[in-house]
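A single chain comes next, written as structure tokens; it is the form predicted alone.
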Amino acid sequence: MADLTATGPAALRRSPLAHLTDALRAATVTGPRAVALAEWPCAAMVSLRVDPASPAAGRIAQALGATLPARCGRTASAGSRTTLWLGPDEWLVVAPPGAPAPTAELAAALGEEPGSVVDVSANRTVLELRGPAARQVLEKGCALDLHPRVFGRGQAVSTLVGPVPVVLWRTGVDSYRLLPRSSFADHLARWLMDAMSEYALPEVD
């Protein structure tokens, strides 16, 4: 019988892009137009729904160590966890691979008030795109204005990249995290690798 103790599920879990690990590494472009793509496998994610004006929202913010973001594009970080705004009463709490999903503590903070706290760690994966050419790669298939004056560090929005719906999260000057549904992850990864390929070619004077 499978071991389903605290360490059992982690040992059995396989990320949606495990089969592309070598391909992602091989797609890395170096030089002045460098860009790299990697999976942030098995990140912990919790879907949170609650009335932002309710007492429960205050308790949840206390449990997270940060106030829930109040409008589109905003995020709030505390320690290793970041809360992304998805809607007026909806957020996604993301923690790094290996970290436990804070489902129990958030459910306790919600209590009996209307809302929901659901572990959705298996629902999405995280792709990290970084390097000087990262923004240009995204601009091939994203209609958003990604200029830093408009889409700054720490912002996250729901959008399309290529044909795939994602949550797009800018984490640094030249780094982005893309959160697609697990079933679309392979398609998105291959689209991004194809979009990256031209930056490995010599620039034409």
Partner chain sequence: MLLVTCPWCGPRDETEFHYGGQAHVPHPADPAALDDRQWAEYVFYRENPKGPFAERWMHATGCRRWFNALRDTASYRILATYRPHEPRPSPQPVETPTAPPSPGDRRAAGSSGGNR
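Residue numbers count along the first chain shown, from 1. Nothing here was measured: the structure is a model prediction, and the numbers come from that model.
The same protein also exists as the form predicted in complex with its partner chain; that form is not shown, yet it is the one meant from here on.
In short, of 82-90, 114-122, 98-106, 130-138 it is 82-90 that has heavy atoms within 4.5 Å of its partner chain in the model of the complex.
Contact with its partner chain in the model of the complex, defined as a heavy atom within 4.5 Å, is made by all three of Leu144, Val157 and Pro165.
When its partner chain is considered in the model of the complex, Cys72 lines it closely, a heavy atom lying within 4.5 Å. Contact annotation for Arg49: at least one heavy atom lies within 4.5 Å of its partner chain in the model of the complex.
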